[in-house]
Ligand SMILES: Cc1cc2nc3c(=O)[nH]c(=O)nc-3n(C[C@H](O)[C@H](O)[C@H](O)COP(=O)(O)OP(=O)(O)OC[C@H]3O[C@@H](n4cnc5c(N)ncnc54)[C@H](O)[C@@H]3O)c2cc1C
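The chain below stands alone and is given as structure tokens, in the form predicted on its own.
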């Protein structure tokens, strides 16, 4: 029987371990901390268990949905209420027909409301500009600015890309965030038409999904499956070194070595690169660091929020005075299952802070931001529980030039017998991509 050591107990590692044991391997999973799940995490706040990490998944492809079905989990859809955008000029419903904030119909009422008539007309001029037929545009920020102007970039695209993908548009690879956009632009003749073309070609039901009880129930179910199938799970057991030996691998840990035929590296980007560096000399030098993010979860008694004044939440554009948060999710308005678990007038809010704003942010600052973004006074929101959760977001794949570097790493790893690599730093930050990558790595045994 093939023996496999999976390094990392986040979403990629858990799925890799499950897929490997189902393929007939004898599997040991090593997790450096005392908790499984990685960026899929939960905490009891105000008497209810809440996601403090990933809380939804893009329902594209079949891997995630097939996994949910195999684990007996029922995916749920968010409420129909849309998101809002907070600009220095006020709050507006986020324009609907777009991709990455790029409007498909620049003269639509919801776009003109945010941008104003002059900037919306400048964006519409994209439809009469000559199309780029030679070469491909790599830089997302430059593409949007050239085709639609600075107002679309700064007011619509930047809040979406920064807060959803943890990267600035001026550093973002077009194809990494919007596969097919370059080709659609060449075919259709304008960026707005390309956006509409991609939206029309998206598979039915490709919106986000959640799980009743929160995304962290996925970790619970995976953990139960690993126990049922006999996977040996070692918490608080970091891998300190990885060496190739005749016929297999040796993984050093503080409690002694683990020897196996195959190894799947599925931990954080920093830990995986540290272990890979001796095996891939030169390939991993000067790797961009992960982004710092802090999520503040608030449970508040606030009947004034019963009507969800900002829908499912708010994205924040640059230059909004008195607000440090980049985004707010009105979680109990977004997820009906969560609202059903709360007493009347109680609400759950999640605020995210990135970069320097993530340092030292706590419940008091988050409450002030929440009140401002929801159009209420702080005294109208009574905090009954809070949690502050720091994260690193492995968004390097979205950066210009990084897709080719990552593919070089994957190609080099493929040349090393018995080694696989998976996780957000190579697959991308979306949970759907991470689960699919972990499944691929586990099946490779």
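Residue numbers count along the first chain shown, from 1. Computed from a predicted model, the values in this text were never measured in an experiment.
Not pictured, yet referred to below: the form predicted together with the ligand.
- The partner is absent here, but in the model of the complex a heavy atom of 238, alone among 288, 149, 311, 238, sits within 4.5 Å of the ligand.
- Residue contact check for residue 266: one or more of its heavy atoms lie within 4.5 Å of the ligand in the model of the complex.
- In the model of the complex, at least one heavy atom of residue 434 sits within 4.5 Å of the ligand.
- Mapping the unseen interface onto this chain, residue 68 falls outside it, with no heavy atom inside 4.5 Å of the ligand in the model of the complex.
- When contacts are judged by a 4.5 Å heavy atom cut-off, residue 42 does not count as touching the ligand in the model of the complex.
- Stretch 27 to 35 is the contacting one of 42 to 50, 27 to 35, 372 to 380, 404 to 412, since its residues have non-hydrogen atoms within 4.5 Å of the ligand in the model of the complex.
- Contacts of stretch 393 to 408 with the ligand in the model of the complex, defined by any heavy atom lying within 4.5 Å, are made by 393 alone.
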